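Next up: a single chain in structure tokens, the form predicted on its own.
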Amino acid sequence: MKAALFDYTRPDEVGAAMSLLSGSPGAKAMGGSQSLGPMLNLRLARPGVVVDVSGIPGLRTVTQEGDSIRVGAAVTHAEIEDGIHPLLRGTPLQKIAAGIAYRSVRNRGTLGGSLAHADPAADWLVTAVAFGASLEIVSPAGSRLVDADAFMIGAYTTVLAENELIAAVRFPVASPAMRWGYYKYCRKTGEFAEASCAARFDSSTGMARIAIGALSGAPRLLPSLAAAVAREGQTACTQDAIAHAVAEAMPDHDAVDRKLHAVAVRRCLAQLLGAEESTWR
């Protein structure tokens, strides 16, 4: 199937993109087209205007601002994977990017596009929630910051208004003591995850966050388990404790789904607490 007819425009700055999105009811912003493209071809999305923001320089930078690393929304998965931006080299983001779908998808897919699409199985959604990131959202009225765990309302649904655009994602700068883990279960490499878990723990502050993804809606935090991990370390990671935390977070799912997520949590925490490569360098 081919996409329904639409007008295509490629502005070179954020203000122009905002004007186009605000002045054309039903207009859609497009990053790398790895999410919106298939929806256009299946005619699940029929915007009158597609605003391609992938070439806007202001959305393609990575900078440190205070205690945050600001990653532009149009930075591609492949650029993160390849360490194009020095601030992201050796970080969890570089390794997580390398596991997203296939290289051809990573070459064009963008961080902001993935988050805006809000596929429950997406890697960046659960990562952003677990890492305590916030999203910088711009509109003609200005900008606002939204915590990652408040961004996604449901499957393919977010707090973004029609005239709003993700400009960047801000990840907290990690201390040398920060450790992390990420695990997703896929039937084949490159397929959508059926269960996923991301976690981070800073022993210098005692802060831990654990999130599970690939649910029917937004990722969910496991606060009780995270507190136990921060307090007790490996001894808190019993099968019963993990199963209980997962069951609390996804009570409407069946036993098979809960089992898959429990395995994802256990393997993620094994990285977090046991593997040298999980250290944030």
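Values in this document were obtained by computation on a predicted structure and should not be read as measured data. In this text, residue numbers run from 1 along the sequence as written.
Below, we refer to the form predicted in complex with a small molecule, which is not included among the displayed structures.
The single contact residue among Leu165, Leu88, Met178, Ala133, judged by any heavy atom lying within 4.5 Å of the small molecule in the predicted bound form, is Leu165. Taking a 4.5 Å heavy atom cutoff to the small molecule in the predicted bound form, the contact residue among Asn41, Ser224, Ser68, Ser33 is Ser33. Taking non-hydrogen atoms only, Ala214 never approaches the small molecule to within 4.5 angstroms in the predicted bound form. In the predicted bound form, at least one heavy atom of Ala122 sits within 4.5 Å of the small molecule. For the chain shown alone, Pro92 is not a contact residue for the small molecule in the predicted bound form, no non-hydrogen atom being within 4.5 angstroms. Contact check for Ala195: every heavy atom lies farther than 4.5 Å from the small molecule in the predicted bound form. Shown here without its partner, the chain carries Arg60, Val129 and Gly154, none of which come within 4.5 Å of the small molecule in the predicted bound form through any heavy atom.
Annotated contact segment (heavy atom within 4.5 Å of the small molecule in the predicted bound form): 108-116, selected among 169-177, 108-116, 196-204, 141-149.
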